[in-house]
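Presented as structure tokens, the chain that follows is alone, the form predicted alone.
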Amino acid sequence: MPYKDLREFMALLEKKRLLARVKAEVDPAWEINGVTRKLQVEGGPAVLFEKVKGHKVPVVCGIIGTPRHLALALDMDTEDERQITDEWAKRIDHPIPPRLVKAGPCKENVLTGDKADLNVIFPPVIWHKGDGGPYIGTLGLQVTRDPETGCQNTGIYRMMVRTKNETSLLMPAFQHGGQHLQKWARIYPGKPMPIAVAIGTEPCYLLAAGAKFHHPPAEDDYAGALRGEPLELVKCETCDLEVPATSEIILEGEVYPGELKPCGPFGEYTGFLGGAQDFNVFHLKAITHRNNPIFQGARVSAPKGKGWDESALLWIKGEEYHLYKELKKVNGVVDVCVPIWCSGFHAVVSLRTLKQGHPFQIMQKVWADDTIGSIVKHVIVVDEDVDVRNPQEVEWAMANLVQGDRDIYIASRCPGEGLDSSMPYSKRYWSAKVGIDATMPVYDYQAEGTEPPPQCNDPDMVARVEAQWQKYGIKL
């Protein structure tokens, strides 16, 4: 059964000992940073900070902090990432439109005018030592509407608090929200575009916001597909945007095309501190929230140790699921992995090679994708018997099956990612793409009249032994 709100999902995580409560008072200037970093390295659990120094609103982090948390959001209790991917792909084939309701818990308190003050509703969390200020938009879900089609979009865009009623807004042009703003500027020159921000929602809406979809339909419909039933939405107070009725907090405001102000620095999912840049500006008009609201945020970072990064897990897994869905349309594709520890820059594809040049065709399809093609720098294609989620197996294939002058492809001056630290600032958004064909060169062997050497992994023997493992009395 789907969860009605964030609180219901938190209760399940706590029941399964996947959420911890910190009852001691914590300083938002540094302690939330330090504790969440430690938990990320150790692989969880999620954490609720009940007492934040100088503030009444508690902070929850790590709700989708591991693949198991993600699976539970889909009402699956597993850590098998292939199983999660397959289920995701099945569900999003059947979008379920949302249901509009007249009211919901997010309307229990309505603040407008001078009462709409960000400092009252948000604890000033500093997520990294070098950040330019407190960020409320590490897991804020921004809702915009396409002024041409009317289709809503929900994305996750960064927001740094500037004043009590103003934040920065990183909404790049390659994202749907940024495209909406470009269209709005053309259709309604000089006028501000409405935007709403939902914070603390039921988990499938969060998953949909972090993923990559073609519009229409909207993320609202895909969230319904992931939940298995319609998402309930309610209209905003100051505009016609629709937001999840059970959200903890809703911000309503507007953004003027062309208005830019400094934002940052900020610690990024790549593991580096990003510099200050000029971004759009969000102007607050109203706040609605539940009684005793909970602020949901995430410390963005590169995964370390045996842990995961919640923000990266959301969008990188969304990238992986999108790529899996698209590549499965190509005959021979078995599985796809976008490793979370590689910042979304690597994609590993297992392939049943059916023709000469088949691996190169896969690489081209990845780089040509209009949603994630600019992000993925490196595509590694392996044989179907290689586990794309096992780095040891992937590196084995690269070491044993690759000849550099034959199997490595380089394409220069391609669209790139602005956070790629391998390039100096002046050259970012351009990138060289590298493809590695780590499949067995069967056609080269055939050309000389021989066969590739067989692997000595004896799968039949392994299966027989595993079927009667208790017989040997060995505990692993």
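All of these numbers come straight from a predicted model, not from anything done at the bench. Start at 1 and count along the sequence shown; that's the residue number.
There is also a form predicted together with a small molecule; it is not shown, and the following applies to it.
Heavy atoms within 4.5 Å of the small molecule in the predicted bound form map, among the stretches 245 to 253, 285 to 293, 72 to 80, 148 to 156, onto 148 to 156 alone.
Using a 4.5 angstroms limit between non-hydrogen atoms, residue 257 is distant from the small molecule in the predicted bound form.
The shortest heavy atom separation between residue 210 and the small molecule in the predicted bound form is within 4.5 Å. In the predicted bound form, residue 314 approaches the small molecule with a heavy atom inside 4.5 Å. Though the partner is left out of this view, residue 177 does reach within 4.5 Å of the small molecule in the predicted bound form, counting heavy atoms only. Not one of 10, 143 and 202 places a heavy atom within 4.5 Å of the small molecule in the predicted bound form. Here is the short version: of 118, 300, 363, 126, the single residue with a heavy atom within 4.5 Å of the small molecule in the predicted bound form is 300. This chain appears without its partner; in the predicted bound form, the one residue of 218, 139, 347, 231 with a heavy atom within 4.5 Å of the small molecule is 139.
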